[in-house]
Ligand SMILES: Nc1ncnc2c1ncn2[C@@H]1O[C@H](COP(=O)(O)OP(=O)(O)O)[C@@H](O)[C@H]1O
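The chain below stands alone, shown as structure tokens; this is the form predicted alone.
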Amino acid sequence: MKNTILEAKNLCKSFANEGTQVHVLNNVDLKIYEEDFTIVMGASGSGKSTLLYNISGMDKPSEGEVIFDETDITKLSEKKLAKIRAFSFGFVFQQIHLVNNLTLLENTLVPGYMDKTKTKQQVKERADKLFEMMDLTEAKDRLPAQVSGGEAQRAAIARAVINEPKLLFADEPTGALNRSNTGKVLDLMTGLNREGQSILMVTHDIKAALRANRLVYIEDGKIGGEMELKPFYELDKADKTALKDREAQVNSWLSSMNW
């Protein structure tokens, strides 16, 4: 039986728009499990990014609970939430948000040094290991403006996991990348998941969705359905038939969800 790492209960999010309440999330119940690669899909405006922001503590829901480590984080102070976001959660966005005047390595080390349970040497060793895993060793001393978008995004992922978060959130992480760099980023995230990293990603990209072992579909602020798949890293990448079958399976499910 899977262990639950985070759970949303009766989650609602509303906005006031010219005197009218717009309901973006409507009583959403969702569990995220350890070591899963969960991907949330849905049409533009369906509420998928709002869901990610509200369950990750970056925004507060209008109603409902988000349980993490037996605590409803919606009730926490901003100071306590910031600590969870810094050390228990990792974040990767479509816009990469690296600090322009710091090298890729420095961008990764700064949040790592915030963890006072580790020495600077331990943080540096983990960063070096991550950069090797991400094929960034030769680029680590370059500024963000001196590398490709794919390299910058991989560095952003290194920064997001430097503190070994329990859960990695990703909001359209390949949305601004070309096909080649998209593949490299997805391979990297698949590799992290293979090593046990729990991931929750929002995307509209079918190729990205194939990496999930669990797909969740959201429509009009409600969970419309779920689909379980075998972990992508268990597939033989040389087996083109298996990959095509997986894509056909996902496409068929998305069609049934009115994608």
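Note that this is a predicted model, so its numbers are computed, not measured. All residue numbers are counted from 1 along the displayed sequence.
The following text describes the form predicted together with this ligand, which does not appear among the structures shown.
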item: Residue among Ser198, Asn213, Ser56, Ser49 with a heavy atom within 4.5 Å of this ligand in the predicted bound form; value: Ser49
item: Segment assignment from 64-72, 188-196, 39-47, 224-232: heavy atom within 4.5 Å of this ligand in the predicted bound form; value: 39-47
item: Val24: touches this ligand in the predicted bound form, heavy atom cutoff 4.5 angstroms; value: yes
